[in-house]
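Have a look below at one chain only, the form predicted alone, in C-alpha cells format.
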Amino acid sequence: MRTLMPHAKSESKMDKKDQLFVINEMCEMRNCSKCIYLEAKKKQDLYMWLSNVPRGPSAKFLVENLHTMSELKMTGNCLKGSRPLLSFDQEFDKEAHWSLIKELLIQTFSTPNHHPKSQPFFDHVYTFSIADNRIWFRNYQILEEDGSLAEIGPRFVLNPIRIFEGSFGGPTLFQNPHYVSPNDLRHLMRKRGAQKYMSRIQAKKSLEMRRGQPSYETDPTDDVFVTIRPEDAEEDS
C-alpha cells in the first residue's frame, strides 16, 4: 500500500492492547487527514479501515483474494511515485453507502497535486468495481493514448462490514446485511465435513443391515483337499 501511494506516511506497529482511537492521535502528530489501518486477526483474516481523521466517517472492510505484485508477475509497469487516475463503477452512484465509500476512496488513494514525493504526470489507473456486493480493486498501466491498458497489480477485494459516523468508532451509519464473518464460514465448512463423515458412517451401517445373512455356516477348510482332474481342466478350457 505504501508503494502504491507516494504521499503515504508509515507508522510503527500498534500494541494490541491499545484502542483504535489512538490512531487519531498518531495521525494528528504526523499531520495526516486520512488513514488506512490494516488489522490482522488469527494470522489468516485481514481487515482494512478507511477513516477520515479526526471526525469521521470511517469504514471497515474484510480484505479477500489478496495478491501482491510479486505474486502475480504481471507484464505492466509504471514509474514509482506517479499519480494515478481513479476509475469507479457506475454502481457507486446508485446508493448512499456506496457514494460515501467512493468519497473515502477518492480522498485516500488520490495523490495530491504537486506533492514533493510524486511525479507530475499520470501513467496508471486504479479501478474500483462493484460485484457481488464487494469492491474489486485493480491497478492498470496506461500503454498508449488510445486507452490500452496492462494490469500491474496488486489486486484485492474489499467486503464492506460497517460504516461508522466517527473515526474508528461511533454510531453505525450502515451495516452490510450480506456480510458473513470468516469464523462463521469456517464453522460451516467444519460442519459440512462432519455431516459428510456421519453420512458415510450411516451408509456403512445401512449396507450391513441390507446385506443378507448366510443360510447355513460353512467351513472354509472343506475345499482344501478337493483336487481338479486333468480332463476337468481340459473341458473348462
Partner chain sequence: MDLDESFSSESSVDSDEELQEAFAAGKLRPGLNLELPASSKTINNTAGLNQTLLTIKKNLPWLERLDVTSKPATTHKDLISQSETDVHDDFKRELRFYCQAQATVLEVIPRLHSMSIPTKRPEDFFAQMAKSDDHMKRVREKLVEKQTAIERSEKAKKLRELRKYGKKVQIEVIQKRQKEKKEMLDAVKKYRKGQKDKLDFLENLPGEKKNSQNKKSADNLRPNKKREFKNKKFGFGGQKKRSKMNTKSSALDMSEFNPNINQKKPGKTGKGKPKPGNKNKRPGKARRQKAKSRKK
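Small disclaimer: the values here were computed from a predicted structure and weren't measured. Positions refer to the first chain, counted from 1.
The same protein has a further form, the form predicted in complex with the partner chain, not shown here; the description that follows concerns it.
* **Candidate spot A8, D45 and P54, all three touching the partner chain in the predicted complex (heavy atom, 4.5 Å)** => No, the whole trio is out of contact, none within 4.5 Å by any heavy atom.
* Asked: Is there any non-hydrogen atom of V125 lying within 4.5 Å of the partner chain in the predicted complex?
  -> Yes.
* Should F168 be counted as a contact of the partner chain in the predicted complex, where contact means heavy atoms within 4.5 Å? -> No.
* For P177, is any heavy atom within 4.5 Å of the partner chain in the predicted complex, or not? -> Because a heavy atom of P177 falls inside 4.5 Å of the partner chain in the predicted complex, the answer is yes.
* To do: Look up in the predicted complex whether Q202 has a non-hydrogen atom within 4.5 angstroms of the partner chain, and give yes or no.
  => Yes - in the predicted complex, heavy atoms of Q202 and the partner chain come within 4.5 Å of each other.
* To do: Scan 126 to 145 and note down the residues that get a heavy atom within 4.5 Å of the partner chain in the predicted complex; none is a fine answer too.
  => If the 4.5 Å heavy-atom criterion is applied to the partner chain in the predicted complex, 126 to 145 yields T127, F128, S129, I130, A131, D132, W136, R138, Y140, I142, E144, E145.
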